[in-house]
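Given as structure tokens, the chain that follows is alone and in the form predicted alone.
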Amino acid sequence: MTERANGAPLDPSPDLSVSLGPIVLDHPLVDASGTFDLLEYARRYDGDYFADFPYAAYVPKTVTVDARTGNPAPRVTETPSGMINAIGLENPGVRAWIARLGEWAHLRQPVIVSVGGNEPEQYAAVVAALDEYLDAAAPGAAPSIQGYELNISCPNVSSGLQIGADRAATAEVVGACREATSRFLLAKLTPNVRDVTEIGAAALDAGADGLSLINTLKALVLDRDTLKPFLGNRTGGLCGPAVKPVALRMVAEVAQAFPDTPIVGMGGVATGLDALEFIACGATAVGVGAANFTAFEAPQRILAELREELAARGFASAADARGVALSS
């Protein structure tokens, strides 16, 4: 058996299971919405991908009440230590999305649906439509949708500002969705704010059960030949390793402000040690985003590395590592 430097034996199998509110996860890793297409991965996989699904929960691409075509091309570009995207929440709308749920009904892991919109009523309409369908669906006709992640980084129709940058707008969206469902609600916080804990407090006070953060940082990249904005939408969202220090700081702030709140931390997770750092800063679970674009096997590798990092530091479980960076 491998030993630590002090001669004590390493635990080769730390307990990776965590509880994200009422949702029990086999391990802390989930995908970040919009970065991982379950059906596309299943088509590329040699075997039963639903049985071998690498994440502990699946967070699909954001769904809106009506279909969206997204932003004009180009919509994605690489940047040093990261990538910038301006997809624009392209999706077929909630009714068409529901019609395809049978294609992945056999997924064994819980699903947390990412919900978007431009006003509270749009968010609530998506949640209500899904709840209505799920409550009436025959057993096995749909995957196990256990909660919603509210993508409040969308612009508000009336103000044009991000909903998640305004406490009142955040509370209105969360409150409307809370009235529409009893399922688990996460509010996904934007980093483009002065104080992320103020928005977190507004979301929790309005009925959110947990928080996920961070979403992308608003960014601009130029075409180096023309010196004009490269993306068709001019600006986009920066993700990847470049944002990790910002994300860790914000996760730590939220975890200290709301110590009993389930938190999904994300932003630049590329290795198991990155994931452990988020857990150490107070995250319950960890979202993997840009790394999904680097290699098909990235989720399995990151999970194996997380297990090794926990064992090497003598943690008997992932839960034991939560918040260790916050203690004095």
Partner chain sequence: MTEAGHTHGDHSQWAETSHCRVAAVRHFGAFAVLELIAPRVARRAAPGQFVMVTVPGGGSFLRRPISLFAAHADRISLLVEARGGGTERLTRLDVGDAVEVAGPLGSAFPTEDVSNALLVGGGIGCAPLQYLADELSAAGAHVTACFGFRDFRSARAAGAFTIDRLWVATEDGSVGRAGTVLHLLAALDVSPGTTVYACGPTPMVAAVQRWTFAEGLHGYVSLEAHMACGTGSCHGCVVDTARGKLRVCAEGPVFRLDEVTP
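Values in this document were obtained by computation on a predicted structure and should not be read as measured data. Residue numbers count along the first chain shown, from 1.
The following text describes the form predicted together with the partner chain, which does not appear among the structures shown.
Under a 4.5 angstroms non-hydrogen atom cutoff, the partner chain in the predicted complex lacks E121 among its neighbouring residues.
With a 4.5 Å cutoff on heavy atoms, R183 does not count as touching the partner chain in the predicted complex; it lies far away. Using a 4.5 Å cutoff between non-hydrogen atoms, E90 counts as a contact of the partner chain in the predicted complex.
Heavy atoms of Y55 never reach within 4.5 Å of the partner chain in the predicted complex, leaving it off the interface. With the partner omitted from this view, the residue of L29, A291, V264, V65 that lies near the partner chain in the predicted complex is A291 [heavy atom within 4.5 Å].
Of the listed positions (A99, A73, A136, A141), a single one reaches within 4.5 angstroms of the partner chain by any non-hydrogen atom in the predicted complex, namely A73. The stretch among 123-131, 237-245, 170-178, 207-215 whose residues place heavy atoms within 4.5 Å of the partner chain in the predicted complex is 237-245.
The three marked residues, S17, S19 and A187, fail to reach the partner chain in the predicted complex, with no heavy atom of any inside 4.5 Å. Contacts to the partner chain in the predicted complex (heavy atom within 4.5 Å) from stretch 306-324: E308, E309.
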